[in-house]
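One chain comes next, on its own, written out as structure tokens in the form predicted on its own.
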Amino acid sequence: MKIACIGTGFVGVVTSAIFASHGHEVVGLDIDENKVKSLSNGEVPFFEPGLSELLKKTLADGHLTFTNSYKKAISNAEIIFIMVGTPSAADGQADLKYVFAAAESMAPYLKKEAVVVVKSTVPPGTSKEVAKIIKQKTKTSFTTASVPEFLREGSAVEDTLHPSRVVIGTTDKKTGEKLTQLHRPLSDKIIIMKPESAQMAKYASNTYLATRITFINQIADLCEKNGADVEEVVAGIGEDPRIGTHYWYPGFGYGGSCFPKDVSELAAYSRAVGESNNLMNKVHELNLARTPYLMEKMGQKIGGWKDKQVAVLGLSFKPNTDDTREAPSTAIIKYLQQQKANIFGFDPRAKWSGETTNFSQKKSLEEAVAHADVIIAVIEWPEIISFDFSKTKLNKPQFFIDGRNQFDPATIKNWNYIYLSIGRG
């Protein structure tokens, strides 16, 4: 099939490369000429395992090209994916200006019977608005659909090649059949539903997973009060088949480009439709308060943060990505800066781009902990959790904060660190 992918961000580049790898003729479209040039040269502007190799192969095979011309990208496309950003607006809901701009710009070049697919995360009803905008600019017949993405940064290539399910939102039978044909090589679990349901499913999925993280953080806080170990609690509840062992991550709260944004937007959407007294709003509120709460509590245990030498290990929001959007480290570092601590950061991939007052990013973990009074292991990068901290122990009292409960408490204590964790009694 001939496919156009509007937007060359994280989702756009991954999706374009995957469809091209299956032999489809794919054109990636972006109005940023510099980005188009970089991608055309096989340069990925972010780190994602396996993506650079896949991009270069599909470019070399001739199945994938990039352009900043709507006419070139859209004129021959049977299926057009809109995968532009939807940042949060002032009221907290998704700002759809880029989605609507893409719809308006593509309209004059649409091929007859083209399928316009919204893949960006958008509130229910957006497909109808997109169709309305296009109809104002063309008489060409077309259909719209919604196919939300469920990618995880750090495993996006694998998630796209082997998705757990493909959700297709359409009420048109022929459109459903065409999109099923496109996605069938990727998954045999294809679910067709109304566009509004598909768009709601994306928000509901991420909000539920974020709720699990928030829930286990609340349980961890109770464990601190009664001597229970939250990791043992997770083992006890996780084997219940109704519950499962996934997404129990006690720590500094959820982060990244999806969970905070999607929970916040669903909460704002609920308020806009008159349903403000609900779980989504509380989950968002609790996550915002999570890091300040933990940092204040830890500060009491270490004797205050002022003038302390603090190593923050893990600046990305999760392992295997360089994405720092809404990363726990951001809130941690800002808090430490306010408390006038001296901060030394380390991450295998991510770069700190925030305020640098009292902050220095080091090239190695050894450099980051060289003078530390406190070590905070924030993210479970293999380079961090496999590191032998006995080699860097100093001849002074040092606190070791295990921000994701990835270390063996007895081992850390045997190395003469004062071990602090999340909910382990």
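Given the structure is predicted, the values throughout are model-derived calculations rather than measurements. All residue numbers refer to positions in the sequence shown, first residue = 1.
In what follows, reference is made to the form predicted in complex with a small molecule, a form of this protein that is not presented.
- You can rule out all but one of 345-353, 77-85, 123-131, 311-319: in the predicted complex, only 311-319 has residues with a heavy atom within 4.5 Å of the small molecule.
- Within 4.5 Å of the small molecule in the predicted complex, a heavy atom is found for none of 374, 400 and 415.
- Although the partner is absent here, residue 249 sits close enough that one of its heavy atoms falls within 4.5 Å of the small molecule in the predicted complex.
- Though the partner is left out of this view, residue 151 does reach within 4.5 Å of the small molecule in the predicted complex, counting heavy atoms only.
- In the predicted complex, the small molecule lies farther than 4.5 Å from every heavy atom of residue 24.
- Put simply, residue 190 is far from the small molecule in the predicted complex: not one heavy atom of it is within 4.5 Å.
- For the options 213, 220, 94, 294, the residue carrying a heavy atom within 4.5 angstroms of the small molecule in the predicted complex is 213.
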